[in-house]
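For this one, two forms of the same chain are given in structure tokens, first as structure 1 and then as structure 2.
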Structure 1
Amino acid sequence: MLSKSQARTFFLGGTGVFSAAFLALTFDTHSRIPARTHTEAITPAVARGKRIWENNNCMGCHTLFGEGAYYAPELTKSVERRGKEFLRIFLKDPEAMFPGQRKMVNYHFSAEQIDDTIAFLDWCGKVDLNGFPAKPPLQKTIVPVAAQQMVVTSTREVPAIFTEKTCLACHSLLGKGAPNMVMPNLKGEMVAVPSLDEVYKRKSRPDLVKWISNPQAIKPGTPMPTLVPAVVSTAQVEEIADFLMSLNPSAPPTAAAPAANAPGSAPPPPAPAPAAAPKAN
């Protein structure tokens, strides 16, 4: 059996060897980090964003590179997932975007601070993380029928307002935006976020305007955020409603929809269950 001095040698020797190996690997890792993390893309804004991230202890709720707390979403790919505009609006007033859900502190960031934070998150999203976060391997099998996407071949352009005002962070429209989004409502039920392609079949124009202006008044508990007037002005609501109504092939062509019936645009495909999705929440 080992003697005490042999045991000591095992301890000291092992520690020495593995510490040396660790230091050598640390050195090698340093030489590879610039290429893997795009060090050249760390602008002053990214560096400032990192300070904001730290000075508010964002890791106390969120994870970044999977590190942090587990109370709020993982943010590594947040810019890719939601888009900068969504994050900008969200950071201005977190609770407006997810009414009645788990709360985030409103830090009253200035516009510059918000831009810096987004620059930092954007940089993080581009670091080579060896495949993290992984694509959910079972995702395809559980897409709710009501949220399945139709193939849209329309040549209509999606107006910029839909991206700028973050509609497409959750909804899809003419093949753009977020397909198959599922959100919890206030009762904790999962709600399939409907595509906007055929809103005209489900709502009249006045109803649509009322809905966008104050979703909670119409369907208490809906995950649809109240964006009017903080983010979307009443004039913009009209603009959004105009466009969505103009998608109706039988609608009279308006100024907002010059290409509604342009040759080559596909006829509206049959809806799988047009009214089912919104009724569900």
Structure 2
Amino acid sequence: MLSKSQARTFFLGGTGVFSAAFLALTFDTHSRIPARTHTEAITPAVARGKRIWENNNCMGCHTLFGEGAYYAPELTKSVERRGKEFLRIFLKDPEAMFPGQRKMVNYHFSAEQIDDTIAFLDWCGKVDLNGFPAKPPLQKTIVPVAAQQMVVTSTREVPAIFTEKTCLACHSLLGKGAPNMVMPNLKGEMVAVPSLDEVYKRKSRPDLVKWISNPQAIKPGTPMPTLVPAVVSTAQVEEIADFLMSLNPSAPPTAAAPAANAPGSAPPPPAPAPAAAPKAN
């Protein structure tokens, strides 16, 4: 048994030791915040985006850094997961690519507000959160082998249209994009997003054009967004289909036609004059 003076000493000593440890850990935590949050990257656009996030109560549906509601997707890594172009199109009109499906309110943001919101989300995704959010633990078990990222040996470059029109926000192509992406369909079932490297084995060119133009008409409930006309034109659909079919090793090579009157190019040679018809005797 401790005497009163010993108990008092033990209490005061223990309180002092733990208070000092608490203050030291608090100081260490605060000293690490600038490096972990990249405070130097907080631009005026990021600050404006944060105010947009707060003023529109985005946390009432979404979570950010694990805080908020769980009605809508977690957005901490949204820029890394989807890309800025996808988010720009989506924020402009949430139902443009998913007509009749998305429940997100259209806030009719201006182009500047959209850029500020994306800048804020981009900053959020680069904060060091010790691995949060974690990768879905069941992702590898859900994705079938045929839909997993394939090792493709190719010297070809992925055309810019696949990045600019958000195709690589969900699909993978020639080692770029989102490998092993899993998305929910309208029934809430998790569906694997296939790689585009060998799509020519599964679909013909006319089938590809029909699928890209209106996927819901072919497979209702698919998570594939409706890209036409919100994202791509009918001419760009043809361009996408042409490139995907050209990945077939047995496809005949197609030479691109030179642009007419391109700057610095020599004018085409004149066509030969038709041979004169022989005179009748």
Partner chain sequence: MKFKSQKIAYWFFASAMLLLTLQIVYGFIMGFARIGYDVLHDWIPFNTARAVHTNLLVVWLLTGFMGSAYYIIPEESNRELEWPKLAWFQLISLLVVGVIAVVCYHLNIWEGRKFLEIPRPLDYLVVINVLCFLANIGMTLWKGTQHTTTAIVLYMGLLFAALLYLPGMITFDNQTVDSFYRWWVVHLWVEGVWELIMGGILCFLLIKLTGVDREVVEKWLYIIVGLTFLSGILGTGHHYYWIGTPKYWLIIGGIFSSLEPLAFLSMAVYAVAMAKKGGRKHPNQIALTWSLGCAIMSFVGAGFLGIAHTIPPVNLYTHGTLITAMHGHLAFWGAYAMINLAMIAYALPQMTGRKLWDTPMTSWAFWTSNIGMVGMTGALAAAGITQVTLERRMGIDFLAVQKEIEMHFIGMLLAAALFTVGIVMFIITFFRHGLPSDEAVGADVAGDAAWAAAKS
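We call the rigid core the largest set of C-alpha positions that still match within 1.5 Å between the two forms. Quick caveat, the model's predicted, so the values are computed rather than measured. Reference numbering: structure 1, starting with residue 1.
Here the chain appears twice, and structure 1 is the form predicted in complex with its partner chain. Once the rigid core is overlaid between structures 1 and 2, L121 does not reach a Cα shift of 2 Å, moving by less than that. Comparing the forms between structures 1 and 2 on their rigid core, the Cα displacement of M97 reaches 2 Å or more. Here the rigid core is superposed, and N130 then shows its C-alpha moved by 3.5 angstrom between structures 1 and 2.
We note a C-alpha movement of 8.3 Å at F22 between structures 1 and 2, with the rigid core held in register.
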